[in-house]
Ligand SMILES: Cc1cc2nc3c(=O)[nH]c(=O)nc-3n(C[C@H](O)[C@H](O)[C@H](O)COP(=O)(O)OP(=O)(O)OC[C@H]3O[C@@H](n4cnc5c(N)ncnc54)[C@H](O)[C@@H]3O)c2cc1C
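A single chain, nothing else alongside it, follows as structure tokens in the form predicted alone.
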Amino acid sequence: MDLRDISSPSALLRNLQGELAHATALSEYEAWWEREGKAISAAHDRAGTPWLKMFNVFGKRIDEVQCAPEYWKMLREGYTTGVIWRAMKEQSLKSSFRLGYICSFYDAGLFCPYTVSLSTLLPLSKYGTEDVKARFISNMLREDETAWQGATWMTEAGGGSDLGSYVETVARREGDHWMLSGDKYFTSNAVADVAVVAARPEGAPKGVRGLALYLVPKRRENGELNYGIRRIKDKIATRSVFTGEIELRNSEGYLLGNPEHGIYHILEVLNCSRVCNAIGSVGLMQRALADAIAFAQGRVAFSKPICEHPLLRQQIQERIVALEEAHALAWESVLLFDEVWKETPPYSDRFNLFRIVVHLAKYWTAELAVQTAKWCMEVHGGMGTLAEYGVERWLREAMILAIWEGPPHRQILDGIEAMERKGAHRLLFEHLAPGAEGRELGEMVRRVESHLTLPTDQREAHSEPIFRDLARFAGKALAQKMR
């Protein structure tokens, strides 16, 4: 790969994917970031957590998040460029993810509002009634700065992974809609116009089988606020997405799909976000690598640029290969998702293949993003620790990418379950065979099959090494296939 491509996200996409649809839009979006967006993003990150204006001068609840107006300009640029509306207009998700990749190169946190908006739009378009779709979809597909934002609110105070135990929000039917009451503890994009929310219908059984998915707008039909923002959380990074706590108090909502399939609808939402997370992680990897190379080319030590020293030169080459393989794995999750996102339960084998790939991609790209950002700081030495140069920010952002939408252990356990229950590993090996070296493929097949025969506790306790190696193997095979 030409080192010049490392400094440009659109150039890297062209290098690894060939000719791109809407290449002009991608280049123009990147040019906007270089011209305006970078400075806005850096200033917003330095400003820290925005403040919440809960009441107007007359004491009426308004719950408005306050920050510099430039932030809203940065946010709206992605919506108008088409990070959401192109998905429906083109009936393909590829352009949305490519725009998201460019965004993540400059600000991985900002990709989160687009992620949760897409993760709202897709289940709405699949499972909403015709009346509900007519009311909300057109607002989300506006091609100007008035486009509505979405959000995905599942997590409550007890935790996020064990939804069956900790979702206490209750939905009560009232005519053609539902009234939801409960508290959501981690709510990315708390300023959304509409959100998909996990709740338990009154009388439904405990556990995940009793959960359903609802669409909850920001305002009731009479125009009043439909939910309250309790506070905006102070995070170490991803300040370009406002994470809050949401109060649902008899909030109007609309059931999406069959409540008996609610957990499947919720997992579809999460898997969409996991694809986005993988793309965002690779975008951040590229940015950290680009910054490290640029610094290493200019920093002179022992009479020559440090990039010419053999050890660092080797590290750069290894990380370029890792970037190519991470991109191949993340992009394969996009391609498979683009094939299967319209499926409903019961799912096909192709969907089960997508499921194992997205778990591998989310797990491995997020881990690589942290490692690459840490290494970038090391290349910069002491300068890398100083906030004024922005390098430490990439490590802060990467640490959150590893946790969003299920931390590493959740991806491992869900991936192992997909192998045990759906035979997803066999589908994966067949899919990877064209790009895999025969002996390596045979050894990986043997290791995975052997691991799945272990007693339950041993299988879980020793699952990370096999899952990590499988992710590396998949990335390598897919990168070879792309070449």
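Since the structure is predicted, the reported quantities are computational estimates derived from the model, not experimental observations. Quick note: we count residues from 1 along the sequence shown, nothing fancier.
Omitted here: the form predicted together with the named molecule. The next part is about that form.
>> Is residue 396 part of the interface with the named molecule in the predicted complex - any heavy atom within 4.5 Å?
In response: Answer no; every heavy atom of residue 396 is more than 4.5 Å from the named molecule in the predicted complex.
> Are any of the heavy atoms in residue 235 no more than 4.5 Å from a heavy atom of the named molecule in the predicted complex?
Replying inline: Yes, residue 235 lies within 4.5 Å of the named molecule in the predicted complex.
> residue 406 near the named molecule in the predicted complex, any heavy atom under 4.5 Å?
Replying inline: Yes.
> Does residue 365 make contact with the named molecule in the predicted complex, using a 4.5 Å heavy atom cut-off?
Replying inline: Outside the cut-off, so no.
>> Please tell me which of 226, 371, 352, 243 lies within 4.5 Å of the named molecule in the predicted complex, judged by heavy atoms.
In response: Selected residue: 243.
> Using a 4.5 Å cut on heavy atoms, which of 377, 208, 293, 413 is close to the named molecule in the predicted complex?
Replying inline: Contact with the named molecule in the predicted complex is made by 413 alone.
> Looking at 69 to 77, 95 to 103, 169 to 177, 186 to 194, which lies within 4.5 angstroms of the named molecule in the predicted complex, counting heavy atoms?
Replying inline: Checking each option against the 4.5 Å cut-off leaves 186 to 194.
> Which residues from 142 to 158 come close to the named molecule in the predicted complex, meaning a heavy atom within 4.5 Å?
Replying inline: Those in contact are 152, 153, 154, 155.
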